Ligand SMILES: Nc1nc2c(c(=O)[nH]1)N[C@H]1C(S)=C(S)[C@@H](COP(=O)(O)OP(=O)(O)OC[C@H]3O[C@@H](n4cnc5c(=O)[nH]c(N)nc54)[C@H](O)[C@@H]3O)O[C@H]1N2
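The chain below stands alone and is given as structure tokens, in the form predicted alone.
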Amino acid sequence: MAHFGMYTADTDGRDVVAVRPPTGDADPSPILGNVPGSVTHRSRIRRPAVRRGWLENGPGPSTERGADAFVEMEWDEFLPLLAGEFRRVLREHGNEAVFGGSYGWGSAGRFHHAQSQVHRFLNTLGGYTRSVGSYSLGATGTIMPRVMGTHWKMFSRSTSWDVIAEHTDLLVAFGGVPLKNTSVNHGGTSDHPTRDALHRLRARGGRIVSISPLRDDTDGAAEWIAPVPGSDVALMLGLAHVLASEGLHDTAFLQRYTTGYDVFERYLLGETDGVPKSPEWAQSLTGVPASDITALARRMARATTLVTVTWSLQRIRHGEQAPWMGLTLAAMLGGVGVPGAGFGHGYGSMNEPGLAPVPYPLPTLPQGLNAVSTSIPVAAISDMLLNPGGRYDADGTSSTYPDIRLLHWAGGNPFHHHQDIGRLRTALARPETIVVHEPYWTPMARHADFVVPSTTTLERDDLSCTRNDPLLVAMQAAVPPFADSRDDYDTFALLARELGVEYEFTEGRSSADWLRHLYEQWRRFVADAGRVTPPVFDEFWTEGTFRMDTEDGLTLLSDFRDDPERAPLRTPSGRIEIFSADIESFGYADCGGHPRWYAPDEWLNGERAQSFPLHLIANQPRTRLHSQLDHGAVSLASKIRGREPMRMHPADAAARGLRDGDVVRVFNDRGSCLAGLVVDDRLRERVVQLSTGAWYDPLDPSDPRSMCVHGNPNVLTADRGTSSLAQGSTGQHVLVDVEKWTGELPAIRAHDQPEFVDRGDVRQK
């Protein structure tokens, strides 16, 4: 099982040579094609390695990270050296000085889950500074619990695709429903039903309106509205103005199920600021004709309308506003809790919204208790490292950044997720020691001092399942571990032994013991719930899968709709908070107490567009999951002369003398990268699209601002949070310009091994 689907692997004894998805998968992910050849790829980390400069000079800040050579070691030398560094940091600086970094996408397994493993290990040592939230949902994860009372419920208990296909008349999709993203789900996925559900909706007579600068953000027939990127909230306000001014809004619903609509309406009609948010006002910002906005609002009021907002819309400055305003628009229509109507967040963002949940918890490795209370927003890593002791606001509190001396990273590649790579590289020069667990020589591994060679999911046994998929899968190792790599659990167990906390970490169990233990715990819980009775572990392991029961036919917030007094929301009012007194009390200039329009920092109607006249959408790739297996066959096949493809409208290409297949330089005042040009009319003029995930490959590894020759757009994006409320990632949008590359084409080195030197050539301090 992988994040992008269940499969059976055919091997030659050393590597996977082919994969076969299950026959029951309605729409298998094409990125399964990246798996063959991945175990023994030339980018694999063969054995433990330590950065040469760390060995020669000892721990401390270093600008050589990312450009330095490495020394490969045996485990029996590597582990005591690393344990000694842990002892030093904990003794001299305390546990708060250790940052436990992980992003959780390293494995679809429940036990060999890098995030759980590193956090459990660090907790046995007394705790660590952690990150909270996610790059995908930084703004949503803060705003929606305050105004809707939940975050995860919007996804795990969302209105099901079957209900949408049967009942929705009009699907108004802000950000579209991009099928490419529904390939993946954390914890694995055994079916991909989105394409079929959209087909059934259309076959029944339902209509889809896709609102996105990219026409292919929705598969199949859909009306396409292409606003100026970043102006979606203005468009929503224009629609809301029509509903309110023409009396098309459901006042009875607003009175019973929401709070603060009257405050919002005064803003909407211009009574508080003198600016009515009319369709004409919205047209001036979005470029969408006022007549089209008016007509769409009237259609929405007549039909069973589902308003959806993709995650991409909140990955921008003031990203809190899009999901909040989308919920407000759905509330004005009165359809929240009605089958086929209401609000949805994340359809087309991952293969979870619309899928039926399992009704009980999943097998989970306990991480223990973290004795350190310090945390940071996940997208504030550079800020934290560059500004120890600095103050910042988030979610109504003011906090201080810790002084991090040791960064321990296992799972995830921040060079894919994080904005402004030049600034990130400067930040990564600040810690005294960086430890990275990785199967491959990713950019993060190259910036480490200690590199731990980890196995991949294909080289170890595990359990896989997720909260919105019926299958629990026995992930049985397909091939033996590559070279001298080890499971992270075994590495942590040996490191814990060196540090005197082996039993606290292992509880006396091997990996195989833990799998049996976690399964049997889960089995007893499920049996006690009285719904189904799973087999004992040995029978399950032989069979390979167990099908759990699921809760089908859900409608989001139907229980709240049926009886808001007996099933109130977990908000201060128990209702949908169109106006939040708590948020208003924070006094943030960039996020007030109700949804409103804030102009983005980087958009085509702003002054910055005079210098950088193209709006780049840095969305998720269709050829891989994040940056995983960027060297795989499907990923490589999409590249142009080795560079990540970038789409551009024919008019913009012609204006610059560019042709399909050219290598171009994409640039702004933060950095630049090379990309391969795809001329395509399926996007708005003055918009270019360059997906994230190409492994960062600087022309000059010693220069943090060097051009990436491979096409990573995060050399261009701004490292600034969504607002003082959430401090979420804003890496989806950035202004750039593009020109043809006329120089010698640099070689791609992203997937090669770094430089190594012999142990005897190092002058150790």
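It should be emphasised that the depicted structure is a prediction, and the values quoted were computed from it without experimental measurement. Sequential numbering from 1, following the sequence displayed.
Omitted from view is the form predicted together with the ligand, to which the following refers.
Interface stretch in the predicted bound form with the ligand - options 415-423, 473-481, 355-363, 75-83, non-hydrogen atom within 4.5 Å
Within 4.5 Å of the partner lies stretch 415-423.
Do H199 and the ligand share at least one heavy atom pair within 4.5 Å in the predicted bound form?
Residue-level check for H199: no, no contact with the ligand.
Touches the ligand in the predicted bound form: G66 (any heavy atom, 4.5 Å):
Because no heavy atom of G66 falls inside 4.5 Å of the ligand in the predicted bound form, the answer is no.
Decide whether T722 counts as a contact residue for the ligand in the predicted bound form under a heavy atom distance cut-off of 4.5 Å.
T722 lies outside the contact set for the ligand.
Give a yes/no on whether D488 approaches the ligand to within 4.5 Å in the predicted bound form, heavy atoms considered.
D488: yes, in contact with the ligand in the predicted bound form.
In the predicted bound form, the one of T506, T466, S136, S160 near the ligand [non-hydrogen atom within 4.5 angstroms]
It is S136.
Exactly one of G671, G101, P439, P193 has a non-hydrogen atom within 4.5 Å of the ligand in the predicted bound form; which residue is it?
Selected residue: P439.
Across 344-377, which residues bring a heavy atom to within 4.5 Å of the ligand in the predicted bound form?
Residues within 4.5 Å: S349, M350.
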